[in-house]
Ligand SMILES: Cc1cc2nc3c(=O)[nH]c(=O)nc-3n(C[C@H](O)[C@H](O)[C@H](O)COP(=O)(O)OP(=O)(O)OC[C@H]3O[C@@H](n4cnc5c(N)ncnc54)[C@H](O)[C@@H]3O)c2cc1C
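A single chain comes next, written as structure tokens; it is the form predicted alone.
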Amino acid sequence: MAPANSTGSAHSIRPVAVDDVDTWHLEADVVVAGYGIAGVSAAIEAARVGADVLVLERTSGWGGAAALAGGFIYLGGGTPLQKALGFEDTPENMKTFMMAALGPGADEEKITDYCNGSVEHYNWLVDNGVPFKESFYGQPGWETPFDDGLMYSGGENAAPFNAIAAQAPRGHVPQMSDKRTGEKGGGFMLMKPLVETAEKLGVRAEHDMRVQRLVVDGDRVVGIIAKRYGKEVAVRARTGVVLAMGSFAYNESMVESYAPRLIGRPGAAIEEHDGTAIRMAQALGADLAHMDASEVAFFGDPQLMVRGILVNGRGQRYVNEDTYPGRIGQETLLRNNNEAYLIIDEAAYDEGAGADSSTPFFRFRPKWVAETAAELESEMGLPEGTLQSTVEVYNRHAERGEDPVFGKKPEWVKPIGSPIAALDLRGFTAGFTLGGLRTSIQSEVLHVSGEPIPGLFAAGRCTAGVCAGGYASGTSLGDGSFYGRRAGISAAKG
């Protein structure tokens, strides 16, 4: 018996030889494991090229993490929405940003491919019923609080990236009113029309199926062993299997091994992200990439953060506060011991608190308030002179509307006055994993030898996609749908 994993199950992940399968309970040309964004995209494209497609979903309905997400899809290179709203972009410019922001170690071949195909992918989404409103939201925020279709979602308009590549917003958001992120976000309006498209194409779905093992005929994957209500179900795949089962954010042992900074703070939308797809493929010798990489959510409201300064446990600034909040989260957790304080004066706090926001629940009251930086520093228990010098240097340059230390945009650079306050944001982070199976641009799962594993394909957060070290909102849904499509086509061809 295999040792129990963190989810409490004790099943083996070792492959099953085809000769040991007595009965195939279900079969199709292409069997897709997971009905989130990667899975539905794979199912659509496999069906469109004539394959009989069966999706196995662990939960009782479609959607996965995608349906609960804010809905950003990272697209650019001159999409019709970008052009309609007056923004110029090219695949080359998009690639320059992505290589700078998503590294170190970003996969240049995959990013080049993704950027070159981005406009076509936008059109594919629209053709499949995904709605985008011709409206740009230009305020700081995790997401737009309205139904706008386009937004900066990766720090493209903030230092250092605004000096590396021409600025262009690439966070495309499906139009949806009355959004409730985490319940029914913009991601729901991405998934709904795609699932409806899949159903019209004849894609079948079986729910409450816990995929556990791969079936092999020699070195070729020919099926899946799943469990439903405690009973084993053997599913034959005549041409290919697509793994689209999400990250390993909720597998405690894998997080401890690969991404220990996330221990105790998983931030994936659904707990089914337990790494099973990765482990099943590993048992066949699959290669992995970027397993230590993670996106980090920071529980601070951007409308407040841009109006103050973020300091660490030494009273020092460590990031430009107007950048992508996920980058702030990474800098806080991964490089500053998860210690953060927002220093802000009363006028700036009141202004930020009155602005529109998609995350008003991240607007916390100050823990300390004082008349001077010296008094605030003392109340916070910071080393004498540290916060004072940070505020003094910031204010000196802010008098001229400049931030030469981190390059915050002039519109947000104002001297910090009195009364001065500090919000205690220590430990206010959670994250999800970005690493996973190494795949080709055709979404083939690669063996450690570098060769494709016959019959096995993958997409989405169980793979190492376009992100390596950095992240931009929309790269999960963008990469998952883009390479999900490739996986479906490849699996149909066998």
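Keep in mind it's a predicted model, so treat the numbers as computed, not measured. In case it trips you up, residue 1 is the first one in the sequence shown, and so on.
Missing here is the form predicted together with this ligand; even so, the following discussion is about that form.
- The contact residue chosen from 269, 205, 216, 398 relative to this ligand in the predicted bound form is 269, the criterion being a non-hydrogen atom within 4.5 angstroms.
- For residue 211, a non-hydrogen atom is located within 4.5 Å of this ligand in the predicted bound form, even though that partner is not displayed.
- Using a 4.5 Å cutoff between non-hydrogen atoms, residue 242 does not count as a contact of this ligand in the predicted bound form.
- Using a 4.5 angstroms threshold between heavy atoms, residue 300 stays clear of this ligand in the predicted bound form.
- Interface residue remark: residue 430 is not counted as part of the site for this ligand in the predicted bound form, having no heavy atom within 4.5 Å.
- Annotated contact segment (heavy atom within 4.5 Å of this ligand in the predicted bound form): 58-66, selected among 422-430, 43-51, 58-66, 448-456.
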